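First comes one chain, alone, set out as structure tokens in the form predicted on its own.
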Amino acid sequence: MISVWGFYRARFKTALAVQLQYRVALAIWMLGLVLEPIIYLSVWTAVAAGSGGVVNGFTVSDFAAYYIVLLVVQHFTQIWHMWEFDWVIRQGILSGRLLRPIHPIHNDAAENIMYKLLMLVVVVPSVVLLVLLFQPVLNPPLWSALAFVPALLLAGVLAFLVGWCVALAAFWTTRTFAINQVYFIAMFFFSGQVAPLALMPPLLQTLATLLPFRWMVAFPTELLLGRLTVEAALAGFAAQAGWIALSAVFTLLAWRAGIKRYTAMGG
């Protein structure tokens, strides 16, 4: 445990230095993070205004609350390592990481955590500004607001593990762009990102319940908005735990199979 903690401390410092070095790229990521929910919020606000102020029970203020909370949730569930993993394999970088006395997943986990902590300097003032501009309605019951914190943490763990599962496809193909695109398209429709799931067709709502994406994004968002009953919240936590366990097992199996293939090919 001490060695793992020491690795994370060292990796945090390195990741911070890298992020600060590439300030232009960091600024682009920050801009995208803030602009995306603003665009959706503007669209649905216009739709609500054109529909008498309400769309399926969502008022303009409800949409404002949804997308402001969504910004926070998406920040803590961001994962991008599947875009880099095929390059890490092709360039032989993975070989060096395999020589370390710690699993390579910790390298990406440390980088992911550092990025999210660093970006809080943008997320927090952005949320404050959006609250002042759009005047959201956010009155969750106390139990729901408290439950949001563990739900958000579990959502971040789930998103990271599922993303790493997708990344491991790079062991079997040299280009994973198409696979990554399918993943993010599914995330777009089934996580509540493009619209609250309550506004989606029944079939999509059913599929979203069966897939992991809802439990990464929509579930903690709906929890903080106070739109879930206690029973629905407990079911959501069970779904998160189940998908985390399933993703961990699949990651382990895929890693073992993939690393055998990698070393057999002279990696």
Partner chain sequence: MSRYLKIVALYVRLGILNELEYRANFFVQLFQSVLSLLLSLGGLSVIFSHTGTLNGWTQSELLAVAGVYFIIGGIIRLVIEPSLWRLMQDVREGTLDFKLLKPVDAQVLVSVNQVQMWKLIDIVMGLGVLAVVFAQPQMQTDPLRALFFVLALLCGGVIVYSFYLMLATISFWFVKVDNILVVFESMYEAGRYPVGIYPGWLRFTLTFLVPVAFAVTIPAEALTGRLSAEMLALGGGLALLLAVVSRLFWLYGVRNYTGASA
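Worth saying up front: this structure is predicted, and the values here are computed from it rather than measured. Residue numbers count along the first chain shown, from 1.
Not pictured, yet referred to below: the form predicted in complex with the partner chain.
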Notebook entry, point to check: Heavy atoms within 4.5 Å of the partner chain in the model of the complex: which stretch among 165 to 173, 109 to 117, 181 to 189, 88 to 96?
Noted result: 181 to 189
Note to self: Does any part of W80 reach within 4.5 Å of the partner chain in the model of the complex? Heavy atoms only, please.
What the structure shows: no
Notebook entry, point to check: Does A235 reach the partner chain in the model of the complex if we count a contact as any heavy atom within 4.5 Å?
Noted result: no
Note to self: With a cut-off of 4.5 Å between heavy atoms, is L199 one of the residues that contacts the partner chain in the model of the complex?
What the structure shows: yes
Next item on the list: Would you check, heavy atoms only and a 4.5 Å threshold, whether V230 touches the partner chain in the model of the complex?
Entry: no
Notebook entry, point to check: V43, N56 and A195: each with a heavy atom within 4.5 Å of the partner chain in the model of the complex?
Noted result: yes
Notebook entry, point to check: Though the partner chain is not shown, can you say which of A145, L133, V124, I102 has a heavy atom within 4.5 Å of it in the model of the complex?
Noted result: L133
Item checked: Answer option from A239, I38, A208, V60, heavy atom within 4.5 Å of the partner chain in the model of the complex -> I38
